[in-house]
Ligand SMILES: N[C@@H](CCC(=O)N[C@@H](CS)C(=O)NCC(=O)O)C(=O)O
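As a starting point, one isolated chain is supplied in structure tokens, in the form predicted on its own.
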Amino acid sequence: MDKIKIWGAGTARSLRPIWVAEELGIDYELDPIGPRTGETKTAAYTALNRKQKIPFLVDGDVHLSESVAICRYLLNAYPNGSLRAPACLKSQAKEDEWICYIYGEIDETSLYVMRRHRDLAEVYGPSESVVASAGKYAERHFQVLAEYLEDREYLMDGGFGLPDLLLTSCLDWALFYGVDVPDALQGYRGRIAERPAYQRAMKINYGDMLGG
């Protein structure tokens, strides 16, 4: 059986499948290509993933792009108890609600907008006002999450799960961008950052930046 292969490193989105694989103890091979290096546009990679994006996963005949889809697949295919798995339809729906909220409102609508008009300004155009507005939008939703997590350890009852992993990756991203993150969320992130799998994944994903 061929080893699971994951493409992509260096971004908040590529961190997620690496972190899940580390949590689950999966034997995988990583090709740490970056999003803006030209590596996603090679003929070989394009033949695998026409979107020319990272992250990307191949597991036998399963080919998947999109970080959340990859993480969900790995969790369902290779569970080991380290990540909470929904036990019923209602629990699955509630987990999906959090995942959609975090990805839609914080990742795509806030942080990636900031990335486009700051880090990728040569492609999308610079705009200090757009970056500031997107940051304020993220702060608004971080307040919602902080209030919810004030007396909770994780987003879902039953332990650390995919919504927490997704939110933590966004909190790291937001802190790097200088977005104001409430104390309650910083404490929540700090607890999760103590997980050995998170620390391994950070070194793998951001090795050069972290001196790893």
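The shown structure was predicted, so the numbers you read here are calculated from the model rather than taken from an experiment. Heads up: residue numbers just count along the shown sequence, starting at 1.
Another form, the form predicted together with the ligand, is not on view; read the next lines as being about it.
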| property | result |
| --- | --- |
| The ligand contact in the predicted complex: residue 13, any heavy atom under 4.5 Å | yes |
| 4.5 angstroms heavy atom contact with the ligand in the predicted complex for residue 52 | yes |
| Contact of residue 103 with the ligand in the predicted complex (heavy atom, 4.5 Å) | yes |
| 4.5 Å heavy atom contact, residue 41 to the ligand in the predicted complex | yes |
| Contact residue in the predicted complex, from 32, 35, 159, 182 (heavy atom within 4.5 Å of the ligand) | 35 |
| Option from 144-152, 63-71, 24-32, 182-190 whose residues, in the predicted complex, bring a heavy atom within 4.5 Å of the ligand | 63-71 |
